[in-house]
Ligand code: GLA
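Okay, so here's just one chain, in structure tokens, the form predicted on its own.
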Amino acid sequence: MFPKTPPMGFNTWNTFADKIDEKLIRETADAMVETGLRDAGYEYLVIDDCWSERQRDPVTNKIIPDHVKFPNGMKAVSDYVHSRGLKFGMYSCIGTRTCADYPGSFDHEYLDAATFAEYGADFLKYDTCYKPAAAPSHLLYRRMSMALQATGRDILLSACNWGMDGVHDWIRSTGAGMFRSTGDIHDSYECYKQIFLSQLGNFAHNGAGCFNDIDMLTVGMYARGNAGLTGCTDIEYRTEFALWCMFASPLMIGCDVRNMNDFTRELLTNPRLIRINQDIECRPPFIAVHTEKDENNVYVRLLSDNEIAIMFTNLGDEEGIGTWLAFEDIGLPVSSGKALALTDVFTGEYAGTFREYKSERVKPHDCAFYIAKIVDAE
């Protein structure tokens, strides 16, 4: 599948890990509809690891669903997800076993792809554990991509490679629609901060057809669940979501969407943030102001419709860092006779029209985020 904008959805792993079953998936599908997530663009509901029996079926050799967790089979689950206007995602691994020690797809790619298609899968997260050393990753991802295409069903391949083996150089050639380029995220400010900063050199490795996935969101977890760790403040969650949107990363929710508070729901469905993430031109951001440790950088991204996203950050701990952005440095010199009319991305409020420069004093772990329009200077 060739995604034109970053895929959006929900994945079970961050909160539930192995504690998944048919009831949870049905309730999650219902919640994605009732909370407005589906209508905001979150279309995939993905079951991660631990969904199958520990061994393949001795007669058919197929991977089969855990009969206790999914007593009605996976097709029934898929049908329910589809009935709610959502798409259904599953999980496997390029190795002999999955990361949680369930059957992997190594040397069973075409059988497993056909099985996932029978279940009605629209998405396959494909992990990297227990890979035979002699088998190159690029070949194994290409093999599953070809197997999925051979089913005749439109299934998005989400390669979960963790950024190993020089993945940025070859992943697009495999046919994957998105690829994990980082280690696992955990619910803490320092974790997501380091994940984002690790990708500053990879902005160009992202675009229509194959999106650089910097892992599932921890927004709204509040230290609960499998990846819970310390949790974050609401300001830190707001910054996390803003960074993911600015980077044009796939947006895969990891919190329990059945129990979101109002802040989490409103943040995840903010139409201006999603508009930046989903911009049809898929241009990468660039660093307009580069600072020590990259903690107070200013990121700019050219959007369609004569719009520009501008993000001032303070990823450090020092109070009230001031940052100054000269519009000359983003391509708007004074001689142009133009100015920028700014709208606050978080509130939707008009923030003023500025010529030559914009300065911000941002609090620790926070950001200031604007959508700008080029207008005639007065």
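Owing to the predicted nature of the structure, the values given are computational and were not obtained by experimental measurement. Sequential numbering from 1, following the sequence displayed.
Below, we turn to the form predicted together with the ligand, even though it does not appear here.
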| message | Can you tell me which of 66-74, 327-335, 48-56, 31-39 lies within 4.5 Å of the ligand in the predicted bound form, counting heavy atoms only? | response | 48-56
| request: Name the single residue among Glu240, Asp127, Asp187, Asp112 that comes within 4.5 Å of the ligand in the predicted bound form, judging by heavy atoms. | output: Asp127
| Among the candidates Ile276, Ala100, Leu156, Val300, the residue which, in the predicted bound form, approaches the ligand to within 4.5 Å (heavy atoms) | Ala100
| query | Would the ligand in the predicted bound form be within 4.5 angstroms of a non-hydrogen atom of every residue among Ala248, Phe286 and Phe369? | reply | no
| Would Phe116 count as touching the ligand in the predicted bound form under a 4.5 Å heavy atom rule? | no
| message | Is Val81 near the ligand? Define near as a heavy atom within 4.5 Å, in the predicted bound form. | response | no
| field | in the predicted bound form, Phe123 touching the ligand (heavy atom, 4.5 Å) | value | no
| Any chance Met144 has a heavy atom within 4.5 Å of the ligand in the predicted bound form? | no
| Which residues in 6-24 have a heavy atom within 4.5 Å of the ligand in the predicted bound form? | Trp13
